[in-house]
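A lone chain, given as structure tokens: the form predicted on its own.
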């Protein structure tokens, strides 16, 4: 049996940074690369399921990213993942979550896992769409924002407790194969041992081309659901005191509110 964990390399901003020349992103020279926090919890949950299952479960970490993302896959291998898969094509440069979801879905079809785990969201864009989009593309059942999980390989089902709005919680039984997005706090991710890091450094990472996965680059490009038009640091307004009589202050405050709302009456 196999569990596939979708992971992502994210960029963490330094305190001081500059925008890219085209104004569409941050200059990556001012960023540190790291494994997405939510995905770290998803990986840990997969490893715990394998440990409870007696070792007959294979954990595969998969990512959509360039050569630099291999470092995060090796971190997953060092922590205990059995294999790493990385897929990349030039058409994915500046891709959005829906494009990534289409590629991950193709990886899932090839790997044929019983369970797919991803983090709830990415620490960079925070859109929380990729995991559930993968489920929709596969036609699989899914549950989002899972904070507790029981998985039975023999029964082919999972019992998940998931967060809802307003502090509510839902407990559901879901048939597998399924996609679950994992919330931080579901466990405590382990640290990679020195031995694990050393062993992971020499292990190969599978990098299948689009052709091997049956992916058409044009179809992936057309799957884009959003596009960054401009990225900028918002200006911080400077506070000022409204002076005058109470009547004058009230009139100026009302004018400011109308201006913010765009009410020109």
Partner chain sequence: MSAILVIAEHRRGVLRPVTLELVTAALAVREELRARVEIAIIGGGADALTPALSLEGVDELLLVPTPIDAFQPECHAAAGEALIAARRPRLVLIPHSVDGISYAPAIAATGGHGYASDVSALRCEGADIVATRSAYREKARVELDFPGRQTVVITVRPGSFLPATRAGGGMPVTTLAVPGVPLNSEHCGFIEPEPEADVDVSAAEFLVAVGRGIGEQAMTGEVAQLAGRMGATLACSRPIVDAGWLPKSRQIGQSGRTATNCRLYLALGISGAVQHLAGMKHVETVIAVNRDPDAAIFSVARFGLVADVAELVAELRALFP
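Note that the rigid core is defined as the largest set of C-alphas that superpose within 1.5 Å between two forms. Numbering follows the first chain given and starts at 1. Just so we're clear, the structure is a prediction, and the values are computed from it rather than from any experiment.
This next part talks about the form predicted together with its partner chain, which is not shown.
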{"item": "Contact at 155, 206 and 212 by its partner chain in the predicted bound form, all three, heavy atom at most 4.5 Å", "value": "no"}
{"item": "In the predicted bound form, segment of 65-73, 230-238, 198-206, 42-50 with a heavy atom within 4.5 Å of its partner chain", "value": "230-238"}
{"item": "Partner proximity in the predicted bound form: residue 86 to its partner chain, non-hydrogen atom cutoff 4.5 Å", "value": "no"}
{"item": "Contact test in the predicted bound form: residue 162 vs its partner chain, heavy atoms, 4.5 Å", "value": "yes"}
{"item": "4.5 Å heavy atom contact, residue 117 and its partner chain in the predicted bound form", "value": "no"}
{"item": "4.5 Å heavy atom contact, residue 169 and its partner chain in the predicted bound form", "value": "yes"}
{"item": "Contacts with its partner chain in the predicted bound form, stretch 174-201 (heavy atom within 4.5 Å)", "value": "174, 175, 183, 184, 185"}
{"item": "Large Cα shift (2 Å or above) at residue 12 between this form and the one not shown, core-fitted", "value": "no"}
{"item": "C-alpha of residue 25 off by 2 Å or more between this form and the one not shown on rigid core", "value": "no"}
{"item": "Core-aligned CA displacement of residue 168 at least 2 Å between this form and the one not shown", "value": "yes"}
{"item": "Residue 232 and residue 257, C-alpha gap in the predicted bound form relative to this structure (3 Å or more)", "value": "farther"}
